[in-house]
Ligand SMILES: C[S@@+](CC[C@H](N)C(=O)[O-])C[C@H]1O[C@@H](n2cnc3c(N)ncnc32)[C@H](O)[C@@H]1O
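First, one chain by itself: the form predicted alone, in structure tokens.
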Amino acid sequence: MKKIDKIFSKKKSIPLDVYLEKILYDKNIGYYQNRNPFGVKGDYITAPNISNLFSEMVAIWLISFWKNLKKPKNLTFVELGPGNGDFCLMLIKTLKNFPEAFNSIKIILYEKSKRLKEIQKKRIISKRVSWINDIKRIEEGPVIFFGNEFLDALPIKQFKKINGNIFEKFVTIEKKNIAFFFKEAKKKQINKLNNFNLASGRGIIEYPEQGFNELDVICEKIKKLSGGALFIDYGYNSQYNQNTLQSVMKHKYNDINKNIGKSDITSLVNFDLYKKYFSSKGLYVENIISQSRFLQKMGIIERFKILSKEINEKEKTNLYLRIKRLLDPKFMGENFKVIFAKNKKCKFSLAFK
């Protein structure tokens, strides 16, 4: 707890989102700073780790976007939170099958974790790829931002209505243990909730203020340079008002108050809220669709059939089970949603109609 104590060295309590930012990204105790959480030996597996076809379908979507823009000589693709690099490696491999697109699309990786960035740089060797620490430095467009399980990792605030008043969740240390409590929210925080009609319901109200601050820069870049932002994540579409914070360690659910800095903490993504947010920033969201619909619209079933002719029965079964995990409603198919926020002048809507 000594390292955790340092979070509270100047204040007795801090807002939930500040606490989450520290235990996930702090250079000394941050979960993402000290480990590689991906894969069988890690804490969880994401879609690019499950099947290369996931990354291939996103790559085909990107190439289609590029073609829709009349094949610009310079298109910037920014992956937000590239993880262990699996997606980027498959993106490069797919793009190489389309030389004109490959030579026109510049890939930029935005990674907060020093440890993961080291892993990425060892695995990804390409002149088309570079790393960036500040999104504000992106100056070439059109630009596509992409994040797979990026939004769920953004720290959130939590609020609760008690006797008609709004209270915000804070974190403190009591008897060497982490403790949560609510205290009356500031007026400016309540106004932000009211702007998105979040304060009217009961239960726990979740608000990704830090995430919105980060996305503000992305939205400005899209409006200035043209393009859009594609996000794939697990979450819900309608008003939820529940505590969705969850912790995972070694592929099992973990008590959120235990293994701090050694376990991942995420929250479900309120896609309806993000749609309202993007609209407030002058971007357009056509539809929010399931991961299953997106991948099938992009041709993952047809691709599976083609590959099945080239592999043995054991390999075919393995590939089938991996794709089923991506598409089946009982697994990731419906729980994961896809949102594309674009410049209002952009007519591209592949998979979203």
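Just so it is clear, the structure is predicted and the values come from calculations on it, not from any experiment. Numbering starts at 1 and follows the sequence shown.
Although it is not shown, the form predicted in complex with the named molecule is what the next lines describe.
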Problem set entry | Contact assignment for the named molecule in the predicted bound form, among Glu111, Asp272, Glu168, Glu206, heavy atom within 4.5 Å | Glu111
Exercise. Which one of Leu268, Ala153, Ala101, Leu283 is close to the named molecule in the predicted bound form, taking close to mean a heavy atom within 4.5 Å?
Worked result: Ala153
Problem set entry | the named molecule contact in the predicted bound form: Phe304, any heavy atom under 4.5 Å | no
Problem set entry | Exercise: Leu193 in contact with the named molecule in the predicted bound form, heavy atom 4.5 Å | no
For this session: Would you check, heavy atoms only and a 4.5 Å threshold, whether Tyr25 touches the named molecule in the predicted bound form?
Result: yes
Exercise. Hey, in the predicted bound form, is Gly235 touching the named molecule, heavy atoms inside 4.5 Å?
Worked result: no
For this session: Look at the stretches 172-180, 273-281, 251-259, 113-121 and give the one with heavy atoms within 4.5 Å of the named molecule in the predicted bound form.
Result: 113-121
Exercise. Which residues in 25-42 have a heavy atom within 4.5 Å of the named molecule in the predicted bound form?
Worked result: Tyr25, Tyr32, Phe38
